[in-house]
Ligand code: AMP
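The chain below stands alone and is given in structure tokens; this is the form predicted alone.
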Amino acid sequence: MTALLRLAVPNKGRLQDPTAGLLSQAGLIYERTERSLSAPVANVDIELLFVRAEDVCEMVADGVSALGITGLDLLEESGADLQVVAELGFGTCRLTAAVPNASLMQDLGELEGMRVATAHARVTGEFFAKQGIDVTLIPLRGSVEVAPKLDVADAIVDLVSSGSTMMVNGLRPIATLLESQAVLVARRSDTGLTDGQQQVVTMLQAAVAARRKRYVVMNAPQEALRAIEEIIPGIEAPSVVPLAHNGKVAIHSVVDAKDVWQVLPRLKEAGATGILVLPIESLIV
């Protein structure tokens, strides 16, 4: 019997639902109840471990799990000697230094000698030490944004997605310490990833890559092919299939999702008709 590969994933918080969506898109079939601590994957020799995102790094570092999905900020804060084997493209945020709107401070250097509240004491401390800026860290687990209002700190360092929470609490950012997103992590090994680990990496990366692309299908006159190929060259080249009517072809290609709005009008102008834009489940380049 093949040994199960354990994959630790967040069981709550901002990374839980996007992680579950990615696993489903990658083709993993499993059932989980609200109280589940683990679940076997029906179609692959993988066992999912449901833990706090903050605990994923420890599970992987201790060898309990072969791989784990967590935030880059949590990996850096843990100090675990793990490698990032894939960036997953969701859960994006920034670890940001901010001060009250009324403060005159404009850059990090002006925080010299100040009190800085944060839930990311390790990353924040190492960052300021590398910058040669002496600050007093005030470790907090929650409600970091209110620290200046309560005169607990002069500034904060906290995770920011949209920035709305900081604005509501009368704060403005002055610097970014770390850009974060969800990542797949593994222990470092002189022999590299195992076949099982590499399979997981490949399938998750294929799902992530697919989210950034769209599959475009259209009909066009043969004489429009050159102009259309210049608009959507595809990964290597567009697929061209002759149609039953003389002089007509079907063109299949892949485009960046962010470019669809600009591409479609140009394709129509070039002579394309019956244009379909379809999602992609997986993409291995």
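None of these values were measured; they are calculated from a predicted model. Numbering starts at 1 and runs along the sequence shown.
Beyond the structure shown, there is the form predicted together with adenosine monophosphate, which is absent from this document and is the topic of what follows.
The partner is not drawn, yet in the model of the complex one stretch among 257-265, 7-15, 20-28, 272-280 has residues with heavy atoms inside 4.5 Å of adenosine monophosphate: 7-15. Just one of Val123, Met203, Leu111, Val160 comes within 4.5 Å of adenosine monophosphate in the model of the complex, counting any heavy atom, and that one is Val160. Of the residues Thr92, Ser143, Gln199, Gln83, just one reaches adenosine monophosphate in the model of the complex with a heavy atom at 4.5 Å or closer; this is Thr92. Within 4.5 Å of some heavy atom of adenosine monophosphate in the model of the complex lies at least one heavy atom of Asp73. The shortest heavy atom separation between Asn169 and adenosine monophosphate in the model of the complex exceeds 4.5 Å.
Interface membership of Ser180, defined by any non-hydrogen atom within 4.5 Å of adenosine monophosphate in the model of the complex, is confirmed.
Taking a 4.5 Å heavy atom cutoff to adenosine monophosphate in the model of the complex, none of the residues in 213-240 make contact.
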